[in-house]
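Two versions of one and the same chain are coming, encoded as structure tokens; call them structure 1 and structure 2.
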Structure 1
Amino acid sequence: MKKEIPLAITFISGVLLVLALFIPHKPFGNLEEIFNDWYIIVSGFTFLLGIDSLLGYNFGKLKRKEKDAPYALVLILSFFITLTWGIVEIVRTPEHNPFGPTSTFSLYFYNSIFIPLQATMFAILSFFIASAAYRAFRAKEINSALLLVSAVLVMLGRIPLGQSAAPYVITVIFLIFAVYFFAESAGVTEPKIKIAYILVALIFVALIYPLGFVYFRQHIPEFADWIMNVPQMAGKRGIMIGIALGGIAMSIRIILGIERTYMK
């Protein structure tokens, strides 16, 4: 019964929500609102369980005197300071929300703690992003080369000095491609393929001035917008469709009781 009752509740709730989505009339029309209310109530209890688990885990670190015990102490002290401050605000001004945007507690927390921590986190993340971009944009093959060129063009279209820097960046990119195809032609023995590689390299050299110094100097922002709105959006929509299909498949597995990992 420990497994059958949760599975039955999950099945009935899932089927009723699906019916409420397709039948917007009573008694199914307001089921979504009722389930949302119950979701808020259940999430409140899970929030308390999460706090208990978090504090217990960090208290355990303090008792065992682990290496990161000072961080656990900071977390525990921050939790109880925040809780005490909120209770004091409720007692002093019961008519105001102690966690509202105009309360002294929220303003102090946001301006003195949250903003500096957020700035620090994003400053650290920038180094990880730069490292990931370096690994992803190494032009080892044609796909990574296209990704590198697209990223450079988008960045040029987004920065204020992009239009003035675009001709020189395009020159460097086209010369790299020209050298690449010249180098590839040296290792080819078939005359037709060798000539094709050389022609492609010459085309890249010939396009440096008309594209770099004429077109991209004036239209690099529009071209960057085109990359974001057409090829990038097409890939993004494909990913979102895949995520939606995966979510539907996982929902069906959970409703039918095939997926039971949430019970562990």
Structure 2
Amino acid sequence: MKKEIPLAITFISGVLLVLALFIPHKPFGNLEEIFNDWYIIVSGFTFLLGIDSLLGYNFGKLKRKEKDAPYALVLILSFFITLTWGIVEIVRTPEHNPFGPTSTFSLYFYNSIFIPLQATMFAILSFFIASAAYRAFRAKEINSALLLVSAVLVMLGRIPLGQSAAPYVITVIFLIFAVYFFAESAGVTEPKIKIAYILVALIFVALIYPLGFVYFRQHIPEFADWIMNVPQMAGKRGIMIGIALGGIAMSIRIILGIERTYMK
């Protein structure tokens, strides 16, 4: 029974929602509304899962006087201070809402402690992404060069200084490609390939002016629009269709009780 009832609950709720999509009238439409309402209530409570283990883990650290016990204490204290402050505001404010505009919780705690913590936590990612761009963004072969060029062109097309900077960035990138192909040609003995390499190098040099100084200087924003709306859009759609198919397959497995990892 410990297994059958949950499996039945999953099956009934999943199937009902699918049926309600095809038959939106009574009784399915109303049942869908009621089930959704229950889901709104119950899913909120699932957020509480994990809080007990977080606190238990940190109380344990404190009890065993581990090396980072002081931080465990900080965590526990900030948990209880935040909670108490919030409860006081629920009782005190006319809205009974600690997140409302008259609450000191919202005004001081949220604005001056929570926002700086969360916002800065994510702001430091900008340093890591800059460092990663420098370290990992290497043109190892044609595909990675393409990725790099696409990223650079999109960035140039989306920043206000992009149009003025584009000619110089293009010059540098194309010169690098030209020098690279020229240098590669020195090591090739087959004359046909050697000429091809030199030609590629020359094409890059020849393209600098018309592409960089004429086209991109004027049209890099439109070019970035084009990348976003055409090839980027197509690739994204392909990926997302794949993900959607996977999601649907997974949902069907869950409803039919084939996938049961959530029961552990």
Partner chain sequence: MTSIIWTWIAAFFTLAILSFLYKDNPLYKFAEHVYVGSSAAFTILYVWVFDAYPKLVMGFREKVGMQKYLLIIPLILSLFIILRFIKPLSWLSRWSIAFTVGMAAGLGITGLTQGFLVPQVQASFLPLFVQGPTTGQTILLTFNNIIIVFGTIFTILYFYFSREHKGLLGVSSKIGVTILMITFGASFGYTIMARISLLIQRVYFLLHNWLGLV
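The structure presented is a predicted model; accordingly, all values stated were derived computationally and were not measured. Under this definition, the rigid core comprises the largest set of C-alpha atoms superposing within 1.5 Å between the forms. When a residue number appears, read it as a position in the sequence of structure 1, where counting begins at 1.
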query: Form selected (criterion: the form predicted together with its partner chain); finding: 2
query: Core superposition between structure 1 and structure 2, C-alpha change of Leu48 at least 2 Å; finding: yes
query: Core-superposed C-alpha of Asp68 shifting 2 Å or more between structure 1 and structure 2; finding: yes
query: Core-aligned C-alpha movement of Tyr110 between structure 1 and structure 2 reaching 2 Å; finding: yes
query: Core-referenced Cα shift (Å), Trp85, between structure 1 and structure 2; finding: 4.4
